[in-house]
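Encoded as structure tokens, the following chain is the form predicted alone, with no partner shown.
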Amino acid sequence: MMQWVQGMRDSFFTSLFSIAKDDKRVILITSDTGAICHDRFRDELKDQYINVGIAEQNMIGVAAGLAMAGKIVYVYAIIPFATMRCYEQIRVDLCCMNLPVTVVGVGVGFDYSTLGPTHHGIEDISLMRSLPEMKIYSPADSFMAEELAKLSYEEKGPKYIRLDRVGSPLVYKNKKEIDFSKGFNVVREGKDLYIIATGRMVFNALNVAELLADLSIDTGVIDLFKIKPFNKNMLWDVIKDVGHVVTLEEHFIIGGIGELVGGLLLNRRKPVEFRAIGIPHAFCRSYGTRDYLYRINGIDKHSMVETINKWIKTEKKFL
């Protein structure tokens, strides 16, 4: 049984606070989006914490100016407001200038399930993928989020990190299991099928793999945590010998990792059966728990097992 720990957001900013204490160049800017994990910045590092108010576009402009003055800047908001509301500013001020600013978005997918479609983070990968120079990280658990604070501090150029706000189960037993060099980790090996997942869906994929094993489908799971740049060559070396590949994401099907992996398989021209599973391309106007929104959108574990098993059996590969 997997251990539950503090949320990705808390782990990330606790790690960043330790870095900021030793480097006065590190600045955190928020747009009046509060979080307990920011209190230490506000109280102990007053000169390194700026709240610009509900003004996300201005937040990016301030961040760009500070970065041009030699600062290492992090900006924080709920995903739709960290990406869509200030998209032009991210494009022009950060990416065109290739500045060391990290955009931290909280509320992946249906994380803010009770606040409706205005707060769902379901198209951010698509948007940020299209921007030159932008790197994209989507951690699977709090261990990885903690390490991403250190990695983002050392990396050059603009970065986007998408985080869950709530406590989550650990995918990794310890930080030593995480290899950042490839951009993905094989967290479970498989012979018949690989599920390539990102973010919180990695944990769901592991549950699905267990249930598929009971149906005699040997299923592996890959955590694709670095979405851009996409390490397609090394990923292909892992998946090329299985008959089926599935992508799983808490994101619209359009523009997500399904398109990345689908494009990879198309270019390789090897007969690997492929299926992308994600949020249907329609706004979810229902309210309730995150698990409830998973069920009505077909991305809960039981729906996914049914979908994958029916698909594979129809292909008559494993009868």
Partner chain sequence: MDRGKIRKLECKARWVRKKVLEMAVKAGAGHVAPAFSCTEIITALHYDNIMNFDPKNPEWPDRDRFILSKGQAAIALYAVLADLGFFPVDELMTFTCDGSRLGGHTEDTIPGVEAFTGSLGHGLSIGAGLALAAKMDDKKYISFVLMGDGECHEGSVWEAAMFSAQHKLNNLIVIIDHNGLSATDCLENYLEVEPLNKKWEAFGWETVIVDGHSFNDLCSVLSKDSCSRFSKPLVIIALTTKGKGVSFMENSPIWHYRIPVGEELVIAQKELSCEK
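Numbering follows the first chain given and starts at 1. Please read these numbers as outputs of a predicted model, since none were measured by experiment.
The protein also exists as the form predicted together with its partner chain; that form is not presented, and the subsequent description refers to it.
Chemist: Ok, N185, S113, Q89, N204: which has a heavy atom sitting within 4.5 Å of its partner chain in the model of the complex?
Modeler: Comparing distances to its partner chain in the model of the complex, the residue within 4.5 Å is Q89.
Chemist: Only one of I50, L265, I253, C284 gets a heavy atom within 4.5 Å of its partner chain in the model of the complex. Which one?
Modeler: In short, I50.
Chemist: In the model of the complex, does each residue in the set E56, M68 and D93 place a non-hydrogen atom within 4.5 angstroms of its partner chain?
Modeler: Affirmative, all three are within 4.5 Å.
Chemist: Can you tell me whether M84 touches its partner chain? I mean in the model of the complex, with a 4.5 angstroms heavy atom cut-off.
Modeler: No.
Chemist: Can you tell me if V62 lies within 4.5 angstroms of its partner chain in the model of the complex, counting non-hydrogen atoms only?
Modeler: V62 belongs to the contact set for its partner chain.
Chemist: Using 4.5 Å between non-hydrogen atoms, is I279 touching its partner chain in the model of the complex?
Modeler: It does not: once its partner chain is placed as it appears in the model of the complex, I279 has no heavy atom within 4.5 Å of it.
Chemist: Can you check whether I257 is within 4.5 Å of its partner chain in the model of the complex, heavy atom basis?
Modeler: No, I257 is distant from the partner.
Chemist: Partner absent here, but in the model of the complex, which of 93-101, 225-233, 113-121, 127-135 has residues with a heavy atom within 4.5 Å of its partner chain?
Modeler: Selected stretch: 93-101.
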